[in-house]
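We begin with a single chain expressed as structure tokens, specifically the form predicted alone.
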């Protein structure tokens, strides 16, 4: 095969001309929002009522971007001679998204389902210090969290449900009990 000088340039120009005549597939982002896959990771949302300040999410975070402050409240005993109870009260819960790796370890580590992924990704700021979201802002993201994926109708039922049903069947009914 004999190579003609400049044939590579002509092939490149032919590709360019072909692409110029085709319709563009560019997404016009601000006007047309992208269609995200289900359960996309955008920003972490917080259900403050579920958080017990156990610090598991902060300890497991490889980037150390979660800041939690809490104090203990004493709940007086309800019965005479009973023992007072203590409970953690969440004072501050903040996530610094400027150093977050979006690895989802904090969401998986939370035993009380206080953290969830929201698909919202438009939270850019002009000042990097504004990327530290406090609990009030994290609570606002909760409204954008999609519902959990529906269970597979062909899957086996959860073992916990079977145990609960057996316990309910074995429960003796007392005389005068409506159930």
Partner chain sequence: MTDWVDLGVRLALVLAAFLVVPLLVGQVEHKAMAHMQGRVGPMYAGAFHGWAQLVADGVKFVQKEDVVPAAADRTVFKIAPAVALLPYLVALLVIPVGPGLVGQDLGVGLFFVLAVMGVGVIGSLMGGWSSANKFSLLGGIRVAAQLMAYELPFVLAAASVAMAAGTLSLTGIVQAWEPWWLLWQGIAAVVFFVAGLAEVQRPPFDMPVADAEIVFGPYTEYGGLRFALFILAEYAGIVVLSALTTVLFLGGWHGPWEDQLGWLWTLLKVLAVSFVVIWVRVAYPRLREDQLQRFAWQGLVPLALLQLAITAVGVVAW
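Numbering follows the first chain given and starts at 1. Computed from a prediction, not measured in an experiment: that's the story for all the values here.
Beyond what is shown, the protein has a form predicted together with its partner chain; the following relates to that form.
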Partner-facing stretch of 28 to 36, 43 to 51, 113 to 121, 64 to 72, counted where any non-hydrogen atom is within 4.5 angstroms of its partner chain in the predicted bound form: 28 to 36
Interface residue in the predicted bound form among 163, 10, 158, 169, criterion: non-hydrogen atom within 4.5 angstroms of its partner chain: 10
Partner contacts in the predicted bound form for 16 to 45 (non-hydrogen atom within 4.5 angstroms of its partner chain): 16, 17, 19, 20, 22, 24, 25, 26, 28, 31
